[in-house]
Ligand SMILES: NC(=O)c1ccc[n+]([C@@H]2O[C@H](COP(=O)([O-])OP(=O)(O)OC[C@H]3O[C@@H](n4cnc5c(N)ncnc54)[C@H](O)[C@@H]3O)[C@@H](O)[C@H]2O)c1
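First comes one chain, alone, set out as structure tokens in the form predicted alone.
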């Protein structure tokens, strides 16, 4: 567990990677020192950051004022003595072992003994950099992916001597800046480059052997992996010499299969990008895709067997870092393990390599198990973790089934408590919208009913028994995610946590207990406000209203979960009779007095209060039918025991999903447009 809070970070190296890392840190509100050898290099890095941010303004990602705020958090300097202020220093200089070791020797001299030192190396062992420092236990690998201000993936690497405290602090910092961390052993290529670089190299071999030309390889790769850019275009974008360097490093460490193709060496010597011109020959697609898939299947299986990473992290790395539609093991299961083993064998047998037993011994009917929910240990607590970061950990039937099994396994362990969390930026950002849309269009509402019933059953078992369950909300908790957190005994939140109930804005109502548990937490009037408007609460607001039980910095989040678990199961919650913060009294009074129909008809008096005016305006853009049903269910929360209220939610499920607003609202999310709801929604819901 981390007890080291990173208040100031530093980045060494103001090139493209270093400046991007510094930009991301500053964008997330953390002061960062950007250091290089001289002022010219520092100013170049600051210029790269400004240009990238201004491009963000043009794309409406940032406002102009935000650019200045972000830049104001970055201090560029050639004075290395300023690093004494940093709690975490990230080295991001070019891939030369001697240069990196010189940097780490210098960091060992100028940084505080307790500062954590991270390396962004993609080619070298972390242990070889740690060895030159006086405190190797404080050194970790932090391998970011291009462009680090945009790509969420980071590989967190512990060498044999890394302390658990340093590792956990580095991990917590990645969560704090909105990254999706995965764990890697200190091994060549770590996780993603271990299979991505051979994938690039195999594309060059296909060209070299005359199997296909570049346009054909590009098209076949895009089709097989469902990606936007093929291997040659990717090398052009990131730099052909980088691909050669990475392949050379892997070849030196792992053998001939990984060594760079001669055509790759020649292309770098020519100093030119690959030419992508020409027409693809579809008749050669199968041969190309078989080779590229075979390489990925072999390497992914091998690195898992070696303990470099888990099956799940290997797939997350591909989906988040490379933006592949599916990870290697998802592709193996889709292809079939027997066929996958054949493809891997056809690629590696000429190099004297054997197909990993993970492929040859897997059950053809089952495939290689991929856990969407894992059970582990986090400090003194048993952890249950949802691992769909690329889908914001959205709930679907597969996640629900695995969550139920994981919770049962966690309870069987006993212990002081269970911590429930999610990987990446979100705790859980709701239910899987596509699941609902697909079944509504297919006329199979029964699947939606079954999913909701099973979901409610899982949530019922989260609280009120030993060991207690603590929701560790580090980021977004929206819709079903907020309901999942509410169902736990306790909620611990980071400053980046936020809670919202967007359902009435997509034509439905919270159906996993939101209309029943939320009023018991914050009071009926404020529950109406949140569900009627979809207003998202920040962490401070959630604490003020009593929605969360502890709000702490990322470094203290795990410790807070342990403290809450120490309280035991939560007592039955009763709705408060007044808001937890007096600033919310006007909203409380308004929603206690006026009905949905009165508000929509313009009869409710806002008294000119800007927050109330905004709330009314938001309600008018939502489904009136869903609002009326939500009101009915919320009112019942004050009259019924919790169990009876949950049954009421289920009883109206078919009614809300059958009304056209549900399909319209849910579809609008997938189609990224504003929904157009019925204007003649019946008032007798």
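Residue numbers count along the first chain shown, from 1. Bear in mind the structure is a predicted one, so any value in this text is a computation, not a measurement.
One more form of this protein exists, namely the form predicted together with this ligand; it is left out here, but the text below deals with it.
Asks: At 4.5 Å between heavy atoms, only one of the stretches 82 to 90, 100 to 108, 500 to 508, 208 to 216 reaches this ligand in the predicted bound form; which one is it?
Replies: Flagged stretch: 100 to 108.
Asks: Can you confirm whether 382, 458 and 460, the three residues that make up this candidate site, all sit within 4.5 Å of this ligand in the predicted bound form, judged by heavy atoms?
Replies: None of them does, since no heavy atom lies within 4.5 Å of the partner.
Asks: Even though the partner isn't displayed, in the predicted bound form is residue 649 close enough to this ligand, meaning a heavy atom within 4.5 Å?
Replies: No, no contact at 4.5 Å.
Asks: Any chance residue 631 has a heavy atom within 4.5 Å of this ligand in the predicted bound form?
Replies: Contact with this ligand, no.
Asks: Looking in the predicted bound form, any heavy atom of residue 144 within 4.5 Å of this ligand?
Replies: Residue 144: contacts this ligand in the predicted bound form.
Asks: Is there a non-hydrogen atom of residue 50 within 4.5 angstroms of a non-hydrogen atom of this ligand in the predicted bound form?
Replies: Looking in the predicted bound form, residue contacts with this ligand do not include residue 50, since no heavy atom lies within 4.5 Å.
Asks: Can you pick out, from 562, 95, 405, 581, the residue that has a heavy atom within 4.5 Å of this ligand in the predicted bound form?
Replies: Selected option: 95.
Asks: Let me know the one among 289, 267, 120, 452 whose heavy atoms come within 4.5 Å of this ligand in the predicted bound form, would you?
Replies: It is 120.
Asks: Heavy atoms within 4.5 Å of this ligand in the predicted bound form is the criterion; list the residues of 7 to 33 that meet it.
Replies: 12, 13, 14, 15, 16, 17, 18 sit within 4.5 Å of the partner.
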